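One chain comes next, on its own, written out as structure tokens in the form predicted alone.
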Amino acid sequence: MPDFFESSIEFLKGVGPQRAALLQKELHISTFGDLLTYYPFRYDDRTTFYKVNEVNEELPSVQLQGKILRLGIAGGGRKKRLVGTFRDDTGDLDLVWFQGIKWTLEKIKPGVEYIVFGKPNRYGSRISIAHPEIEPVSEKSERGGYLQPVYPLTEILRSKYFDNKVLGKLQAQLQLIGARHITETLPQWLIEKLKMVSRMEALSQIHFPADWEKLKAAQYRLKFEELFYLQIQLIRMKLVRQQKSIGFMLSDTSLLTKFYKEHLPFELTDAQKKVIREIYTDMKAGQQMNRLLQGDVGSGKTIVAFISILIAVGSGFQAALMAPTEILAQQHYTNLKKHADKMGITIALLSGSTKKAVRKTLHEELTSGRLNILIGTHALIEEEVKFHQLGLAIIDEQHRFGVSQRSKLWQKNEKGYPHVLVMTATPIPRTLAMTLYGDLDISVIDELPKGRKPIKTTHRYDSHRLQLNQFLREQIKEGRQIYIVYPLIEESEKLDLKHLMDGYESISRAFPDVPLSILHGKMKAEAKDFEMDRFIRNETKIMVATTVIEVGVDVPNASVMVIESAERFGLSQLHQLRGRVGRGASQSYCILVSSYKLSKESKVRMETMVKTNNGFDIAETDLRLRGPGDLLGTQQSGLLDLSIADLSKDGKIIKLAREIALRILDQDPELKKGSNLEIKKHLESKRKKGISWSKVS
């Protein structure tokens, strides 16, 4: 967009310095361009007028025309409210205000015809509308017939009387003076091919839609544009990296062949073999590998990681594996050490609790090259950790690390970047992976090892406690072990700890002869290790825990996972917890226990868990329920600052945008030919405005 849209919002008629400061602070709107691309999140249907006798509490919102007859104060103190009687020729209903009473009393004139809009509710036999929108009847409002945009606003703005109406007026003012400055950002052939409206038409209709059809066309155009440029940028980043990031050629498979012939503990699945081929092709190509490995809980990612390490070590390089928690790092170390020892390869563990003397030896062996594999937590990225020559960096549960933390690991070499393999057991829906990791190559392990039986999942209510306990006794009698997990949510740690301790006591009473373990985040590391060790050695039969066991704990004999207050967990967390069982050959069970009071979303979560074991199906449902931001956790905040596209709903547009972007860049990687110059120009204008694309991946 030309410089006009770089003008400070302060200079738009009706704004001024005070409102400009408020808009900047509350909505991050600083320029005309920011305002123009600040889109409504929904639209109120003002095309229809209802009569009072047609109104019921099931309707989302209603528009009425009539008079306000009486206004009076009801209640006192905190319950003080203003109540008015609204009437048309079919009856009357109540209008209620809990705030802004003085201002409302001054504004409303008895006997004047008003248009009233709001959400109807029922109290006893009366229908009422709380805090309705009200305006005197005018020629325009009496006609109705328009869709009213509703913008995301903050409470502070509303308290300063800056509401939807005010923002709508500013948008109208900007459209009036800015229309001739709006330029096209997509090539004409692409607009015609996809039968899209022009950018000017889209920006006009998104704020002031003539009807639902025109609004849909505007949304499609703006969503496509946003996702198309995101994909162009991600794919170009990948191409640039492939050209510039010359990688170490790791092609020696002698260690790998020895491992396959003499020590492979089980037959690999076809999915694992396919992924190993993809990794090996990358590592020997002479370009730096940057690959995301997705695999459901228990799909065998760790053995794939070890096989990748063997290629690196066999080629004369070192490998590092970074995990988000000490428990998980320890788990990886224990699992991989068994294989490394058989192969005569040196391996060590580094975490926050590693003693100073051990660290000193470890650092010496690492810099000399005598240490082949280093497993650890965030401690791996500390300044003093120096490798002789790091050839492969593996990051497990990578979404738990920030971008800067990950980059520190692959800056450990003075000459050249190591190959990078990031792993996750949190299945990421395809639409999200294409956007979040558009510059990574993606490998998926989508089958479980042979002999694994699907985990049977059931949902029970608190009242089924006796039957549940009986089932647990039978499982213990058969020699099985059990996890019972309680929620732990940081804001209410004390309450949750009490919840856990109460649960522990009631389990002790229900199972007086059964040895129990307990595990929670407040325990010291030694106490945690002691309790976990007892459970692993089968000395205790029931492990009562919080979500500290969510990742990494692998006890093949544990066959039952009971999740208490299951409604307080997210879908992906429930799926991760379920993955702690089903590690052995026996039939495993996951039992979700909840109260009867379940929200609509909680019901969907329970039904999804019972219905499927497929992590990708679960991730798709989770994305629909929670949206991409929540799905990835707070460390990814700011990652998906999309203005209008919604990754949970716009999968088809993402796919199309990516396909077209790939086709264009395949034929013209530098964007130098014909209409591609327009794309390049728009990208450069985005870069000048400081839009950080690098944070996307």
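This is a predicted model, so every value here is computed, not measured. All residue numbers refer to positions in the sequence shown, first residue = 1.
If you look for the form predicted in complex with adenosine-5'-diphosphate (ADP), you will not find it shown, but the lines that follow are about it.
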Checked 225, 622, 282, 296 for heavy atoms within 4.5 Å of adenosine-5'-diphosphate (ADP) in the predicted complex; positive is 296
Note: exactly one of 348, 268, 514, 166 sits with a heavy atom within 4.5 Å of adenosine-5'-diphosphate (ADP) in the predicted complex, namely 268
| query | Is the gap between residue 480 and adenosine-5'-diphosphate (ADP) in the predicted complex 4.5 Å or less for some heavy atom pair? | reply | no
- request: Please run the contact check for residue 272 against adenosine-5'-diphosphate (ADP) in the predicted complex: heavy atoms, 4.5 angstroms, yes or no?
  value: yes
Decide whether residue 554 counts as a contact residue for adenosine-5'-diphosphate (ADP) in the predicted complex under a heavy atom distance cut-off of 4.5 Å.
yes
Q. Taking the shortest heavy atom distance, is residue 301 within 4.5 Å of adenosine-5'-diphosphate (ADP) in the predicted complex?
A. yes
Per contact check vs adenosine-5'-diphosphate (ADP) in the predicted complex (non-hydrogen atom within 4.5 angstroms), the hit among 175 to 183, 259 to 267, 73 to 81, 229 to 237 is 259 to 267
Within 583 to 605, the residues having any heavy atom within 4.5 Å of adenosine-5'-diphosphate (ADP) in the predicted complex are 583
